[in-house]
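Before any questions on binding or motion, here is one chain by itself as structure tokens, the form predicted alone.
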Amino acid sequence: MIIKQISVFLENRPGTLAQVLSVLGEHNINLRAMSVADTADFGILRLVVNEPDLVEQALKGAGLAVKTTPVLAMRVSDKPGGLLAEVQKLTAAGINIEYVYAFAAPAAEEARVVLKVDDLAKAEQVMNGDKVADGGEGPNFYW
């Protein structure tokens, strides 16, 4: 499923993550996934949230540099080799994975994976196989 990921450009100093989380809290936003890629001076905070359009506007309103990126989100079996099997499908289709982050939900026996790929539409088609994409559902339903 293609979902919206929010990326926030942040200075690497105390309090910047708290500033973002405070804005999310003020708007009653629920985090679904988060990662930070950092350098010595700056970082890119990537978020999957229940209301991406609202979050983009709220963070921009707080003076933060924000970008929305479509990414591929998928569920994989929470067992050894579960992610490998899905990544091999993308590899066989010639799709490059630019970055990935994931977490497991042991009670659900599944892991959730977010991938930035070079051909999003093709990747979604590969992962859905013959199934019709369930368009119209947002991350509220997916996560």
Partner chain sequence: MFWNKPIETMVRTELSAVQAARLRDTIERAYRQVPFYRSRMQAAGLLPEDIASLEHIGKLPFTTKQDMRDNYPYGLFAVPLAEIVRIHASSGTTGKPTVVGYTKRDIGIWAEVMARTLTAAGANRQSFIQVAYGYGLFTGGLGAHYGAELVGASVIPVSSGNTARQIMLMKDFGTTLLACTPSYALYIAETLGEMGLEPKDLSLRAGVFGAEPWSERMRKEIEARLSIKAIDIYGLSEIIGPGVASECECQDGLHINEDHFYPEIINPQTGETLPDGEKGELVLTTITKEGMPMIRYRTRDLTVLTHEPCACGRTLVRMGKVLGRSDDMLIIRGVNVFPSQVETVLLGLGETSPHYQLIVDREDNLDKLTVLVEVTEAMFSDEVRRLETLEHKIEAALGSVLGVSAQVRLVGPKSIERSEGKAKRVIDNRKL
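Positions refer to the first chain, counted from 1. Just so it is clear, the structure is predicted and the values come from calculations on it, not from any experiment.
Another form, the form predicted together with the partner chain, is not on view; read the next lines as being about it.
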property	result
Stretch in contact, per heavy atom within 4.5 angstroms of the partner chain in the model of the complex, of 87-95, 103-111, 74-82, 33-41	33-41
Triple contact flag K4, L24 and N50 to the partner chain in the model of the complex, non-hydrogen atom at 4.5 angstroms	no
4.5 angstroms heavy atom contact with the partner chain in the model of the complex for A58	no
I29: touches the partner chain in the model of the complex, heavy atom cutoff 4.5 angstroms	no
Partner proximity in the model of the complex: A65 to the partner chain, non-hydrogen atom cutoff 4.5 Å	yes
